[in-house]
Each structure stands twice: as C-alpha cells, then as structure tokens.
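The data below hold one chain only, encoded as structure tokens and taken in the form predicted alone.
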C-alpha cells in the first residue's frame, strides 16, 4: 500500500523542517519526504494543500482508567479519542484499580491497546511510583521497566513523605527511569476544590493556595538535583512554579515540565458558578498565571503541552461542586485550544507548536515518536492538521466516554483532519467535504 500526502506544509521539529512538500507512506512506513517525491504507483493520494503535515502528536499525560474504572473510559475509547485528536502515541497514568504497579498489569494494558478495536495508537504505560500507590514502599522499578513502562508516578496521590520520595528517585535513577510528579502539599488543600482567590471567596468554597503546588515543585526539584533522577513536573499551573523550575534548570537539575491547554486558556474568574466541568487539579488560576505559563512555554522553561485527559462518567460530575471529582477530557480539543489561544495569536510559531505537542514530549520519555524521519518510528506516525478550519466543539460527539469539558460549544480555529499510525486510523468528517482523496 502506497499513500501520498501531497502539497502540505511539512512541519517536523526533529529536522527543523518547515517546507511545502509531500510525504510518502509505503508498507506502513515513511518512505520519502520532501519537496519532490515519487508519486508513481500511489494507491491513495491525499491533497493536503493548506494543511500541516506533522509527526503524530504525543501526549505524555493521559488517564485511560482501565482496569477498574471502565465506566469512565476504556483503553479502546481512550485511544480512539487520541487518534481523533491527532495523537499517535500517548503515555497513560497508573491510577487504575488496581494501580499499575506490577508487570502483569502492564502486559494487560499493552495487550488491550494493541487490539483491533483500539484506535491504532501506541500506548506507553507509566508505572506506579509506590506499591498500590499508597506512598509507602517503592515499586519494583526494574521489573516495571522490563515490562515496558516509560516513567514512574503516583500521579493524583503525590508523595507527602520526602524521605520516601528521595528513595524512589534514587531507585529510579539506578534503572534510568524518569519520575513524573503531581506537585501538591495536601495538608494545605484538604477539602479544597478550586483556586484560592476572589472567586472562591465569592462562591464560599475552600480554595487551593498556589503555595501547595509550589512547595512540592521546589522539594521535588531539589531532590532531582540531589539524586540526579530525571524529574518531569506534571500540569504546572502557577507563576511561582515556573520561577522555581527555571532556577532548577539553571542549576543543572534534570527537570522537565508540562502545561495543559486548560491552564493556558482559562482562568478561575471565568468559571460559571459551581460548574463542575471547570473543576480540575491543579485548579484554574489567574490571568497572571496564564500569561506566565505561556511565556515560559515559548521560552522553553516549560517543555511541552500535555492534556491530563481525565474522563469521568456524567453522574459523577452531576453533583454539588465540592463533591465532584477533579478532571476534564482533553484529547480531542488539544489542537483546537492550542492553535486558537497560542499559534494564531503569534505566541508560538507553527513549528514550535508541533515541537511542544509532538517532538519534545517524545524526547522527555524517550519514545519512538515525534519525528517524520524514515525508519525512526515502528510505523509511520503522521497527523494532518487544517490550521484554519473553524469548528464548534460538541462534547456529545466525541469518542471518549467522558463528556466532562468546559469547552462544550466553544468555537476553535484548527483541527486534526487525518491521523496515520501505519495506515489511516482517523479521518475527520470535515475532510470528506474537501475534494482531496483520490484513488490512483
């Protein structure tokens, strides 16, 4: 099977490539890329004029919920949502039931993600940092790495004991495994449900102070510097965290960080009162925080964009605000939010946008993804994005089982049209309205 993606804007940060050209996929591999390619004998020819042709996007912070919470999401529905968002590789978090703390569970996850019903997306599992994610005893990191995990994390159950955290980092350093941390001093956030500020006071809700995040960002950066363990800081949300991360990097600590689309596009005082679809952890912060996060992303202090895709069932969010779980879905809106709020405003160039959504996250966890170089990925991983398509997000038409999103009804500019993981695994309905697909 020979597929030609013709006449698009090729954006590949791994090669510093930004040209109008074509990409040839043959036998599920990238065979040729450039301004002049051999189109002869093509089985399918896609006219990508006006679109970006990029490496498949990479999301290193996704909750697939299985095993244990299949009423929220399954590996199949989660990977289908990823493909619809342009993601060809995702890293899934370990807070399942039971947690991903042993090789048997990693085997189960990898088997499910490779099933014919799944979205054709590569799943890179993240193992539990401590056994049963109880924050007490380190997991067997050597066994987990042999099973295929790419990092270790206790995710939404951040280690409160610094000695345990230090020991986990020492052990992960020995097996060359990055540690990913949700940073929160829970003694400061007990019973809290949104950012501490004017809006929480008006609504009468207990707020989560920014210092709860910043204290643990500082602690974990110091431990990374001390142990030499690669540290990835999940979903940064405050200007203070940015300052600490920048200093840690300047000192030579092996620290990377991510920001989520909702943290650079929404602020706490925009929230409709008691709307649980706006409830997330870390919470939405202030305009100053958003401006700082965007500047830090552009400057490389924050390395990449990740969604923290966290689906919940409708009935779980349809409760009083304080009782609702934290989290929103994000795989199918990431491109639209990023292009609308950053790229089209000139805050990130198109090449840097792709770097933050694909190449850089792949580098952080050393994944075989994030590039269009022939032979560098197991199969061709390619996304075709129309940067100028205006569309309205309807949460009821998504692949994810979770419908918890504050973006329902929002108009975005920019959408994934096609996703290839080997062959085509997703084609957006808007693509078929264009006369680009020709059978040779």
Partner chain sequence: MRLIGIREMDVDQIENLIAFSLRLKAACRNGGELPSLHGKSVGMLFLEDSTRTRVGFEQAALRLGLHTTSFGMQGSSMSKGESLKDTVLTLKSEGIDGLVMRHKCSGAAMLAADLFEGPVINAGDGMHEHPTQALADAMTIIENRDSVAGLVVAIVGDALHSRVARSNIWSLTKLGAEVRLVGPKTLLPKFPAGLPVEICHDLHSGIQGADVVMALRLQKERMTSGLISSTGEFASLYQINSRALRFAKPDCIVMHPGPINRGIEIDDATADGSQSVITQQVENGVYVRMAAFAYVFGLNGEQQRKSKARSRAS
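Computed from a prediction, not measured in an experiment: that's the story for all the values here. Positions refer to the first chain, counted from 1.
The form predicted in complex with its partner chain exists for this protein as well; it is not shown, and the discussion that follows is about that form.
Exercise: residue 228 in contact with its partner chain in the predicted complex, heavy atom 4.5 Å: Close contact is absent here: in the predicted complex, residue 228 is far from its partner chain, nothing within 4.5 Å, heavy atoms only.
Although the partner isn't part of this model, could you tell me whether residue 300 comes within 4.5 Å of its partner chain in the predicted complex, counting any heavy atom of the residue? Outside the cut-off, so no.
Taking heavy atoms only, is residue 176 within 4.5 angstroms of its partner chain in the predicted complex? No.
Is there a non-hydrogen atom of residue 196 within 4.5 angstroms of a non-hydrogen atom of its partner chain in the predicted complex? Judged by the heavy-atom cut-off of 4.5 Å, residue 196 is in contact with its partner chain in the predicted complex.
Among 215-223, 246-254, 325-333, 266-274, which stretch has residues whose heavy atoms lie within 4.5 Å of its partner chain in the predicted complex? Looking at the partner contacts, the answer comes out as 266-274.
Consider the chain as shown here, without its partner, and state which of 142, 202, 288, 163 has a heavy atom within 4.5 Å of its partner chain in the predicted complex. Residue within 4.5 Å of the partner: 202.
Of 318, 117, 97, 111, which residue is found within 4.5 angstroms of its partner chain in the predicted complex when only non-hydrogen atoms are counted? By the 4.5 Å heavy-atom cutoff, the listed residue in contact is 318.
Quick one: name the residues from 206-230 with any non-hydrogen atom within 4.5 angstroms of its partner chain in the predicted complex. If the 4.5 Å heavy-atom criterion is applied to its partner chain in the predicted complex, 206-230 yields only 206.
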